[in-house]
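Coming up is one lone chain in structure tokens, specifically the form predicted on its own.
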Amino acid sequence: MTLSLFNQFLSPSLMWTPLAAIALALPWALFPRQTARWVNNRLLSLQSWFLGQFTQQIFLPINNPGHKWALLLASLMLFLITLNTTGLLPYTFTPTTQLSMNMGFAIPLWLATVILGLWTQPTQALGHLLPEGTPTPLIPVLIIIETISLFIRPIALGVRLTANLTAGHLLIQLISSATSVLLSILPAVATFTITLLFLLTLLEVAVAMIQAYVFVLLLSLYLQENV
């Protein structure tokens, strides 16, 4: 029976339980809780340092009212990083390879930034649809173009994350399949493909972290325009 390469992105089930549900609950079980000790362990200290550096860098150009989003965006980035990286383990499932999942993250958060801008500063929020100094005949065309670009933002957020993770998983699948075939035929070439597979896996770990950071960074830029 010939299976499609994209079958790996279907949500499998174990004992009638979708692995997507287990994968979504896994990140919260991996992170340790705060302790009552004066000095935290190394993992908690590293996590606190990472969150501090992240929030300082992301929210530096944002006004004080936008700092209320710090907890939400930091939690979202940790959640996405954990989902992306744990999905690289064998016999696991990566929910962020599903476009519906990523759009479920992107659309509500993008819509919240737009509504916040229309609520707090409606003049400036609507002013983004028309650049200053636009000639009068071009005003209707530019308004339509800027409106389309505004509504494309959540689609770009979801598709970017899905496409990058899907491409990496497909490459790993193709190279690992070629390696298993070449082991008995051409061991020398199989050694090269194993090395390539190891380097590609390291690259995918980096891509998983970077894409989570880019997702949250773009949301913070949208927030910056509306605060």
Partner chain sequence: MAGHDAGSQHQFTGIAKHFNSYTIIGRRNCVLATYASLAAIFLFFKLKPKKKPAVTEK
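Predicted model only: the values in this text are computed from it and were never measured. Residue numbers count along the first chain shown, from 1.
Heads up, the form predicted together with the partner chain isn't pictured, but that's what we're talking about next.
> Heavy atoms within 4.5 Å of the partner chain in the predicted bound form: which stretch among 138-146, 94-102, 70-78, 108-116?
Replying inline: Heavy atoms within 4.5 Å of the partner chain in the predicted bound form occur in 138-146.
> Using 4.5 Å between non-hydrogen atoms, is L130 touching the partner chain in the predicted bound form?
Replying inline: Because a heavy atom of L130 falls inside 4.5 Å of the partner chain in the predicted bound form, the answer is yes.
> Are any of the heavy atoms in I152 no more than 4.5 Å from a heavy atom of the partner chain in the predicted bound form?
Replying inline: Heavy-atom contact with the partner chain at 4.5 Å: absent for I152.
>> I'd like to know whether T134 contacts the partner chain in the predicted bound form, with contact meaning heavy atoms within 4.5 angstroms.
In response: Heavy-atom contact with the partner chain at 4.5 Å: present for T134.
> Given that the partner is absent here, does T123 sit within 4.5 Å of the partner chain in the predicted bound form, heavy atoms only?
Replying inline: Yes, contact at 4.5 Å.
> Using a 4.5 Å cut-off on heavy atoms, which residues of 210-227 contact the partner chain in the predicted bound form?
Replying inline: If the 4.5 Å heavy-atom criterion is applied to the partner chain in the predicted bound form, 210-227 yields only E225.
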